[in-house]
Ligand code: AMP
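This document starts with one chain, in the form predicted on its own, laid out as structure tokens.
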Amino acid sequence: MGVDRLISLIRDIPDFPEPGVVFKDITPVLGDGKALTFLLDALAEPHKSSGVTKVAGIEARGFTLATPVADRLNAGFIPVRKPGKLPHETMREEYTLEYGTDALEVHMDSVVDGEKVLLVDDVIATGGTAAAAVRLLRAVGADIVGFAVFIELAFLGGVEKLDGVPLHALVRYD
């Protein structure tokens, strides 16, 4: 098993969610046990000696990857959610989309000041959501040691919005 096998399982869905966009569908990877195990191990491996105590996952596909990565790192999990989904006191970060705004929230007590956090998601594209998650986690006291993703759509320049957070992407589309 290797990255080439993962790439072979990624399905291109043209014109989704809108005309002109080619969506990278990772569900075939998630549905293949050996591929999924390889993917999760590969996301966790570079961070095993970084002292990570929490792994944050961005709703919703980020949850699918971040929780088992947290398990592999013997770390806790922080859900980064859309507004109104978390039951306790939250902090919110709004961000701009192509046509409007959105927001993310985390529990105020999700980290202890200076705690080392790894951020995980399936894809980084334009970087708006990732940048909002970085700002939000820092606002509650996280020391973000990295951002691990399955796929980087490098041609969209999202890594430039990460404010110095190192990116680890398994697959990169230029």
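Because the structure is predicted, anything quoted here is derived from the model rather than measured. Sequential numbering from 1, following the sequence displayed.
A second form of this protein, the form predicted together with the named molecule, is not displayed here; the remarks below concern that form.
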**Study point:** Any non-hydrogen atom of Thr129 within 4.5 angstroms of the named molecule in the predicted complex
**Key:** yes
**Study point:** Touches the named molecule in the predicted complex: Leu153 (any heavy atom, 4.5 Å)
**Key:** yes
Review point. Wondering, does Asp122 line up within 4.5 Å of the named molecule in the predicted complex on heavy atoms?
Key: yes
Review point. Does the named molecule come within 4.5 Å of any heavy atom of Arg138 in the predicted complex?
Key: no
**Study point:** Among 111-119, 42-50, 23-31, 65-73, the region lying within 4.5 Å of the named molecule in the predicted complex by heavy atom distance
**Key:** 23-31
